[in-house]
Structures are given as structure tokens and as C-alpha cells.
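This document starts with one chain, in the form predicted on its own, laid out as C-alpha cells.
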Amino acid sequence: MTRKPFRLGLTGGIGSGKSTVANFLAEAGAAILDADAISRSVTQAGGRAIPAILAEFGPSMITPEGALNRDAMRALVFSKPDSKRQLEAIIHPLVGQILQAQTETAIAQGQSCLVFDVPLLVESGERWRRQVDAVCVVDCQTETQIQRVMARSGLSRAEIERIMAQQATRAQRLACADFVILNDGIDLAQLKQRVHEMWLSFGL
């Protein structure tokens, strides 16, 4: 009888280092199913979500190249919070369909560990919790998050704090965690070792 793959939900706040942890898990042999990357793909020029976004929000939310105008959408969501739910109602079902197809492919390939990289896993409530065997939270101090994102993105502190305010709090994420990888005050080699120790605990 074929053993069912271990399903790990991976999450963390902006700037936590979640993507780096996902890369280390991939090196260890996991199949990474990246919800954020899929979400970006469906909102790129020619993406599956673009016709519905155009119909719902109008041409001002689409760039001349035919992609989602992220700056305009960010401003709209800030001024009209309901528009965020409208956008999610378009994007989330498409992401779910693609994730399901990728999951089936990974299982067919015999993958022993599926890592669902979901930035807003905690915010989605029980929807994601029911789909995974365990949740790993990549954690760090709030100020560390801000400094990392400022260094890599050029966003202002106020813009980053506004993004963070729309995400789950650090305490809310930690309350959902089966595994916590603290990514603060350590180098990449130490982070990789922590990921390796978690991987060994899966017993795959």
C-alpha cells in the first residue's frame, strides 16, 4: 500500500524568511506548492484572473501590459476594505484549482512530503488547517521583519507596517504552530540546520 505523503503547511509574516525555509525544504526533498507564486501567476498579463478583475474593478486596476495594477489595488483596498474580499473571491478559487492539480502531480510522482507555502494560512482559519498534517511557522521579531523588508523592497516603514497590520499577529501565528523555526539573530547555515532538524522529525 502506498504511504500517504506528509503534508506541511508553511507560513510566516512578511520578512520572516519563509521563502528561504521553503528552499531548504526543497533541497531536503520536499515538493513545494507555493500559493503566493500561483496567486501572482494568475494576476500577471494573460493570467486566469485578469478578465474577472477587469469586469469587477474596471480598467484602472489593469496595467497597460495587461497585469493586475498592484499599486492601484493596494490603494483601493486601503480606502475600501471590502474590495479585498472581492479580489480574494476571484483569486482564491483559481489558486485552489491550480494547487490541487499540482498536489495530484506531486503525489503521482511519489513525493513523500508536500509543503504548502501559504503566507495567509493562519488568516484563512480552519480551511487550511484541515488540509495539512502540521503547520510550521517561521518566526522573528517584528522589528526584524520591518528591517528586512525595507532593505529588500524599498518600501517605507509606514507601508510595511500597513501590510503587517492586515496579516495575522505574531501571537496568532505561533498559536497555530506545530513547529516554530525562529529566524532571528542567526546566519543561513544555522537556519538550514534548524530546518534539517525539523525535517528529520518528520520520520520520512
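For clarity, every value in this text was computed on a predicted model and none was experimentally measured. Start at 1 and count along the sequence shown; that's the residue number.
There is also a form predicted in complex with adenosine-5'-triphosphate; it is not shown, and the following applies to it.
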Examine R148 and determine whether its closest non-hydrogen atom to adenosine-5'-triphosphate in the model of the complex is within 4.5 angstroms.
yes
Might R152 be said to contact adenosine-5'-triphosphate in the model of the complex, defining contact as any heavy atom within 4.5 Å?
yes
Please check if I186 has a heavy atom lying within 4.5 Å of any heavy atom of adenosine-5'-triphosphate in the model of the complex.
yes
Does the 4.5 Å heavy atom contact test between I14 and adenosine-5'-triphosphate in the model of the complex come out positive?
yes
Residues from 153 to 169 in contact with adenosine-5'-triphosphate (non-hydrogen atom within 4.5 Å) in the model of the complex
none
